[in-house]
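As structure tokens, one chain now follows by itself in the form predicted alone.
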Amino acid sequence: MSKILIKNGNLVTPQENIKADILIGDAKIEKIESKIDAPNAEIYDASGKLIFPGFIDAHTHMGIPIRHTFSADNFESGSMAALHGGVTTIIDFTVQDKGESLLKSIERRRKLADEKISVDYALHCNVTDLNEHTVNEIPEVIKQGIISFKAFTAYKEAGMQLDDEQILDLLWHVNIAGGMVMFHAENGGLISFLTKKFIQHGKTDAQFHPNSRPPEAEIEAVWRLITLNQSINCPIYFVHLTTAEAVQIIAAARERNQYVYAETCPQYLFFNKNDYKKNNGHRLIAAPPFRNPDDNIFLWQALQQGMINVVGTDHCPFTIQQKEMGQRRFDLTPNGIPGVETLFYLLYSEGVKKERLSLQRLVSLIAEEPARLFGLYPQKGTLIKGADADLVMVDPDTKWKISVDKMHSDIDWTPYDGLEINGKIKSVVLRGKWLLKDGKVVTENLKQGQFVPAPV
């Protein structure tokens, strides 16, 4: 592989912005200095560009089964969307069938990604059928480089919900093995009860979706899980948080020296529950639902203050036809919206440019912190000597509007249609190879993404 010398860029790290050259060779960053001479290298002039480490979307769902259909993006199309959003590593999830071993679920999932995916990937291990055999597999799963195990406190009807004793058992075994447990934290009993009542009274339009999964469902589950974990103190990570109260409960747990980490998603910064009342509001149905405008404001502040560690997207798109399968009923419509391609753009344009977020926090939230938490650092998520040469080059001054015809997912709509964006990704490098160069896809480098195990 020939060397690449990227000159005159403005490097963005969680600590500072620096103007420097970057020399890439053998898929790694070889050198970062104020001025580098490399006569035999390909020279790329990045003057005026911001250079970030490749972004990490720590929460995606490519081609998973939901409500008698599958999310619209598989690993091939979803990774095309990712690379156009500067995401060079996704962390997706296994799908454990009833009676299936955890190791078999990993093997099945990897077969769907390998030789089809154009960015690198890691996996979280879903645990939906917990028994003596599966808990005994946990150390072997970690040996394979997967250190995070996801559990659900909802979706009993789908066979995914664990009870408190099962959760304690999982926390115990994962903690001994040196891993982390992730939680979809909503009170499943409360959601089931309210959903049945709304259906009985014929209140099934999208506007009732947030009422069927109220903030209290998240708040109670977060508090309960942290309480259950106090005697074990396994590292735990809450996905897609939506409420100020849940984030505050987590912050209080950290003050007690518990290892608790928080994630939110762009949709919970951008939309609120009133959006479900709009025309085609059913397309926005996701779980958890959008909350109050005050929660949007708090979440932005929590990102900047470090109360939230990671922004993932929960990328789980469905086409218009798939959304219509549910007859516009909140209880039948597939839950999920697209997000991997717009992750950086929303945080940069709506966050940095509107002074809600610093550049340093942005790169921390979608590069360094997910890499650290999920065992990928310093291979991923950073611009230092020896790291994988994953780079994203951004023109900070280009203005454009999001529209579905400019997206690269297998979707025919986007919730951000018409939003004006400041900043445009121009080039993307993955392990020293161009994926996107000056806005053009380098086709010969596609479908070469690799599984990235956490070191054991």
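The structure displayed is predicted, hence computed values, not measured ones. From 1 onward, residues are counted along the sequence shown.
From this point on, the text means the form predicted in complex with a small molecule, which you will not see here.
Against the small molecule in the predicted complex, would residue 316 count as a contact residue? Criterion: heavy atoms within 4.5 Å. The answer is yes: residue 316 has a heavy atom within 4.5 Å of the small molecule.
Tell me, yes or no, whether residue 431 is in contact with the small molecule in the predicted complex, where a contact means a heavy atom of each within 4.5 Å. Flag for residue 431 set to no.
Can you tell me whether residue 208 touches the small molecule? I mean in the predicted complex, with a 4.5 angstroms heavy atom cut-off. Taking the distances in the predicted complex, the answer for residue 208 is no, it never comes within 4.5 Å of the small molecule.
Is there any non-hydrogen atom of residue 326 lying within 4.5 Å of the small molecule in the predicted complex? No.
If contact means any heavy atom within 4.5 Å, which of 84 to 92, 374 to 382, 280 to 288, 115 to 123 contacts the small molecule in the predicted complex? Looking at the other structure, the answer is 280 to 288.
Just give me the single entry in 273, 109, 361, 184 that has a non-hydrogen atom within 4.5 angstroms of the small molecule in the predicted complex. Filtering the options by heavy-atom distance leaves 184.
Work out which of 66, 32, 41, 402 lies within 4.5 Å of the small molecule in the predicted complex, going by heavy atoms. The option sitting close enough to the partner is 66.
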